[in-house]
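Next up is one chain by itself, shown in structure tokens, the form predicted on its own.
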């Protein structure tokens, strides 16, 4: 069976898409280096989820509302990162509420957690962290006592990497779908020398996800090729086809 004939089978694999909205003036101004996007991309890929959009936006309610509304409509689910603390610039909940035309309320469960945490000395800043859009769902967050807030298909996560990572790890089983399978080819040839072979592979295997990544100054290899598919058999045939096209002396190693 030719690769094209197998395309329907590949496309029938379950595909879930995600967008990540990173919120924070500190990221845009270079005061803080974001690591949450890389972590999310890695963990979602392991779960078989395609991270299709990553956008970094300022702490502005209308901007947050517009981006969250857009992503919610266009992707299966959305993660937000940042802007959920007690200070004046933490306005993510306001933006998410505006995205869905919801009122902000003090959630009784979150309020109880806040009051317990502050041991009877709750102030306005503390209660701000218990203020969420009306109608949210709360999810256990692993070892972290404060649950993750979900509204519609949007999950609101903190920006602090340790908290973001722990909360996403606690959620990831909710998102899992058919996994991606991966093969890698390392070559000593430049992209210019192998581009025609990559084109030929994509013509033969149009549903393949094929990436080409040059590395400058490495004595080990010049280009790393990644081949991915949710269909393991389809991937193996594409892998063998491409290896057969490449000059034998150009293939350094495969994984």
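Note that the coordinates shown come from a computational prediction; the quantities given were computed from them, not determined experimentally. Numbering follows the first chain given and starts at 1.
This protein has a second form, the form predicted in complex with another copy of the chain, left out of what is shown; the following refers to that one.
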Check: Is residue 88 close enough to another copy of the chain in the model of the complex to count, meaning some heavy atom within 4.5 Å?
Finding: yes
Next item on the list: Consider residue 206 of the chain shown here, and say whether it contacts another copy of the chain in the model of the complex, taking contact as heavy atoms within 4.5 Å.
Entry: no
Check: residue 219: heavy atom within 4.5 Å of another copy of the chain in the model of the complex?
Finding: no
Check: Would residue 54 show up as a contact with another copy of the chain in the model of the complex if we use heavy atoms at 4.5 Å?
Finding: yes
Check: Tell me which of 134-142, 98-106, 121-129, 166-174 has residues with heavy atoms within 4.5 angstroms of another copy of the chain in the model of the complex?
Finding: 121-129
Next item on the list: Could you check which residue among 65, 189, 198, 47 gets a heavy atom within 4.5 Å of another copy of the chain in the model of the complex?
Entry: 198
Check: in the model of the complex, does each residue in the set 27, 42 and 228 place a non-hydrogen atom within 4.5 angstroms of another copy of the chain?
Finding: yes
Check: Are there residues in 204-239 with a heavy atom within 4.5 Å of another copy of the chain in the model of the complex, and which are they, in order?
Finding: 210, 211, 212, 213, 214, 216, 226, 228
